[in-house]
Each structure stands twice: as structure tokens, then as C-alpha cells.
Ligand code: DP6
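Have a look below at one chain only, the form predicted on its own, in C-alpha cells format.
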Amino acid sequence: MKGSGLRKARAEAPSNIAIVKYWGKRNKELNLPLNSSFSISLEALRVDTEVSVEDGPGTSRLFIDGEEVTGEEFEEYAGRVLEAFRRLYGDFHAVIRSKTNFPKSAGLASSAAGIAALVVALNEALGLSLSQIELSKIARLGSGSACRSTTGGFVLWEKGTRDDGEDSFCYQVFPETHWPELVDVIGIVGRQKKKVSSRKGMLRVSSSPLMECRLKFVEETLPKVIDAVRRKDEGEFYYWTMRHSNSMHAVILDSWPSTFYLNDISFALIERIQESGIAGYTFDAGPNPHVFTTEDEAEEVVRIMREVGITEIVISRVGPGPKVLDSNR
């Protein structure tokens, strides 16, 4: 429904960390994945995004943490999302201001949270009243993992089989209250922007002969991961969390040319956490670890992290989904 004048809306959305990883696409324009994935939305890592929209033609602009984003990065982050909303609403232009409370482009899913917050804010500002599932499809266009940040708790992204992507969407499997003792101990190993983005790294996946084995592994074990969460089975959940992280990074290393997202500190922590038996690590496309454990073991995990050289640490609970913070519509 068309509005008049300048309309504003502000929303926040969580970062998410995949337990069963998504790596590789069957359609790069629609960001359709080769496999389904399972993730956890995080309470402590969130992005706050404000949109100002006005009907009619005009130049849309994007600012992240006060710096304007243009060119290819603008198109990747916001361009596809804006076009999807224009198809539903009509012509408009927008100014987008996004603030993160954690490092961007470092493998902590800042773009996923930012795009999820953007689709929620635009939905509010434009008065479209789209469902969470529909919003997840639009968020997916901006970044595959962004669709998982459109809801909270434990989230499943169905890979789908249709060419148009209409059956590739996300939904909540368990709410954030399902496993209250579970925490994510996040280590900030590096704040620098990674050399190869996830988007570009995934383009190399077809060169890995291990990929076929990985897809079979995901298909066979995804139900086991979900069942471990359902039963709150710590040992089983930690085991599969680590195996799926290793599986993705094995393919990344095996692809050509190889991409190196982990570093010496990452590998030192992997060894220590495997030995500990009290937690399970996972890494996205970056060196910063997410180590899942229970509240009563979190202090020991922090101690291990500090021993391998990680000094900046954030502890997060499983978090809720996005929410609208302000609107003048």
C-alpha cells in the first residue's frame, strides 16, 4: 500500500552461526544452496538498521557504521533486496543506516544480520505485512545466510528443489527458550576484513572432489543434529557441531585455489576443545571461533581460549529473532 512523504522504520536482527553449514550454491543469482543448513540465532551479536524511504525514483544510499558503501558491495548487500521490494511495492528509493556491535567481514555473519534487519525495516516502512517466511526469501537474495537471521532460536534453512527458489526458506525449529543452559563463547581472534569473501569463496567449491562426500554427509547427519538439540544431548551436539565445521573447512582448503579462513590460533583452539570434552567449536568463513557449551562450563572454555591467545571474548545465549524498534508509518 502506497504511502506519502518520508517514512522511517528501524529494526534489529541477530547474527546467526550455522551448526550444519551452508557452503556452495546451485544458483548464485538467487543464492540457492547445495544443501540445507541448521543454525542458532545469537542474542549478543545484533545489527541495528534504520531505513528512510520515499516513493518514486531516486538514488538509494547505504551507510554501515557511518561509512558509505557503494558499487559492487552496495549491490551485494542491498541492491537485490531493494529490487525485490520494488517488485512488490512499486518504485521507491531509500537511505539505509546500519550499525553493528561486532566486527564486520570477519566471519561473524554481520552481513546476514544487517540484511535481515534491512528486510524487516523495509517491510515495516512500506507497510507490506509480509510473513517471516516471505521475508526469509527476500533476505536470501542479499546473502544466503541472512535468511536464517529472520527468526530466532534454532533455525532450519530448507535448500528447496525449485528453480525459482520459492521452496528455499527458513523457519524456527525450536525457540530461544528451548535450551536455556546452552551458551556460545565467541572469541575475537581478528577484526580485519577477510581477504576472500564468503560469496567469492563459494564460487571455488566445484573444484573440490570432496564436495560430493560432504553433501552426502550433510544429508545423512542433519536429522541427527536436530535430534541432539531436541534431546539437549550435550555430547552428541558438540560432536556433530565440530564434525560439520571440519567438513566445511576441509572442502574450503581442498578447493582451488585454496582459501585460508582459519589461522594458528584457530587450530590451537580446535585441538584444545576436542581434548576438553566439555564443548564443541564451529567456525564460519573466518578465524573467530564459536564454542558451544553450558553455562557451568563457560568459565573453563574462557580459560582455554585465553591460554591459546584469545583475549577478546563474548558470551552469548541463544537469541530471539528480529524486531521493529521504531516506525513513523
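Please read all numbers here as calculations on a predicted model, not as lab measurements. In this text, residue numbers run from 1 along the sequence as written.
There is also a form predicted in complex with the named molecule; it is not shown, and the following applies to it.
K.L.:
Please run the contact check for Arg199 against the named molecule in the model of the complex: heavy atoms, 4.5 angstroms, yes or no?
P.N.:
Within the cut-off, so yes.
K.L.:
Going by a heavy atom distance of 4.5 Å, is Asn31 a contact of the named molecule in the model of the complex?
P.N.:
Although the named molecule is absent here, Asn31 would touch it in the model of the complex, with heavy atoms inside 4.5 Å.
K.L.:
In the model of the complex, does Gly144 have a heavy atom within 4.5 Å of the named molecule?
P.N.:
Result yes; Gly144 sits at the interface with the named molecule in the model of the complex.
K.L.:
In the model of the complex, does Val318 have a heavy atom within 4.5 Å of the named molecule?
P.N.:
Val318: no, not in contact with the named molecule in the model of the complex.
K.L.:
At 4.5 Å by heavy atoms, is each residue in Arg10, Phe74 and Glu124 next to the named molecule in the model of the complex?
P.N.:
Looking in the model of the complex, the three residues Arg10, Phe74 and Glu124 all stay beyond 4.5 Å of the named molecule (heavy atoms).
K.L.:
Sort through 264 to 272, 284 to 292, 46 to 54, 299 to 307 and report the only stretch with a non-hydrogen atom within 4.5 Å of the named molecule in the model of the complex.
P.N.:
One stretch meets the cut-off, namely 284 to 292.
K.L.:
Can you work out which of Met248, Leu135, Leu82, Met242 has a heavy atom no more than 4.5 Å from the named molecule in the model of the complex?
P.N.:
Result of the distance check: Met248.
K.L.:
Heavy atom within 4.5 Å of the named molecule in the model of the complex: which residues of 5 to 32 meet that condition, in order?
P.N.:
Heavy-atom contacts within 4.5 Å come from Ala18, Lys21, Tyr22, Trp23, Lys25, Asn31.
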